[in-house]
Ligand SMILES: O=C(CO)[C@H](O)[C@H](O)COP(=O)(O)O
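Before any questions on binding or motion, here is one chain by itself as structure tokens, the form predicted on its own.
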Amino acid sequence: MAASSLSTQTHFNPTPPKTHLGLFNQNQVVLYGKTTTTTCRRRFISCSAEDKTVVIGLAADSGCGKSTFMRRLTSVFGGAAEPPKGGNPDSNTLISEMTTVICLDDYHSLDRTGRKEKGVTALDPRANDFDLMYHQVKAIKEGIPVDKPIYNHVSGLLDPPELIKPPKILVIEGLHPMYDARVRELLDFSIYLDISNEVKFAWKIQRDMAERGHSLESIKASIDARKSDFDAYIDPQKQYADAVIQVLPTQLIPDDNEGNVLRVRLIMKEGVKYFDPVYLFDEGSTISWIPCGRKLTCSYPGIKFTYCPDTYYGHEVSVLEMDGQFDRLDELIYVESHLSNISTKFYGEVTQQMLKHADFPGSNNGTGLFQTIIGLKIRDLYEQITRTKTAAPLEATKA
């Protein structure tokens, strides 16, 4: 394609089951409820308002790229995220200088055997302790350390808890970060990774056959066994998300069945505090853009961007879409220069981040691009919240 072309045109509301609070032991750090005041041996005073933790929620089904997204996000804040030093080697927690990532599988109330005996999947709310999840996330947000349980993915058992200290940014990722209304209220920003069934199947085959030695038949059976619970408990959470990254088969290749080329949509809710949606060329317009082939190298079937206002579950949204893939990451700066509200600190930062993680899955298509942009937007959101919290006491003193 030798030249650019551009056209413009001017409840699910679940109530999760109540579970008992007996998972707390006498050495528990988090405090809540009247009964804990007499049983806890350790007490902590929450930190000042400006130091309270910013909480981000990331929801997606298993095998949908949460781990890759977490690595891109934590990289934006500097430093690699690593498991807690000296702790359980099977811990699911990742800690960097500014972030702590908690896997919500740790709030399974049933181990693998227990789920099998009761005939429920991990997606079923009955297999998860939402009371514990809520009280511990709330405590961390208020600056109080917690003893968080560990779900061991190797053994399928519930291991002894680990101490989680309040970070500057807490990311809770997993199946249910937006299922419980109480937990949703604690989130400062939420993301949903929405992978179409066709793409999800292709990804699970690649991961589970290549990396875990599963057979094609077992992968199909696993997907089928989870589908009804996914439709009932996981998928509806996307209506609550502030941003949705939707991954679909390409529209550039008629009747494409291979799934190698992807169409990725970034759906951004309007009116979210501290978050201004990204736009292409002209905010609020409807844009269709095929980049110049001399400035952005891309193999067949080419590449296409679109941008438009829309509605999503009754909410006004802005939608940025990329269909196709690029061949040279260093040329991505051409696309970056046409995007606005991407919250970069310097020209070319999106491209720099993409080049830094060129070996990550999705680095040649919209999944990597939009995950990187959302990571930068979350950094900007954190900085705005921090400035607001710092300024509030000063304003009160002046008053």
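Fair warning: this is a prediction, and the values are worked out from it, not measured in the lab. Quick note: we count residues from 1 along the sequence shown, nothing fancier.
One more form of this protein, predicted together with this ligand, exists but is not displayed; see below.
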| query | finding |
| --- | --- |
| Complete contact of 62, 153 and 226 with this ligand in the model of the complex (any heavy atom, 4.5 Å) | yes |
| Which of 277 to 285, 138 to 146, 100 to 108, 307 to 315 lines the interface with this ligand in the model of the complex (heavy atom within 4.5 Å) | 100 to 108 |
| One residue of 175, 322, 183, 243 in contact with this ligand, assessed in the model of the complex (non-hydrogen atom, 4.5 angstroms) | 175 |
| In the model of the complex, the one of 81, 122, 187, 248 near this ligand [non-hydrogen atom within 4.5 angstroms] | 122 |
| Residue 112 within 4.5 Å of this ligand in the model of the complex, heavy atoms | yes |
| Heavy atom contacts to this ligand in the model of the complex at 4.5 Å, residues of 304 to 337 in sequence order | none |
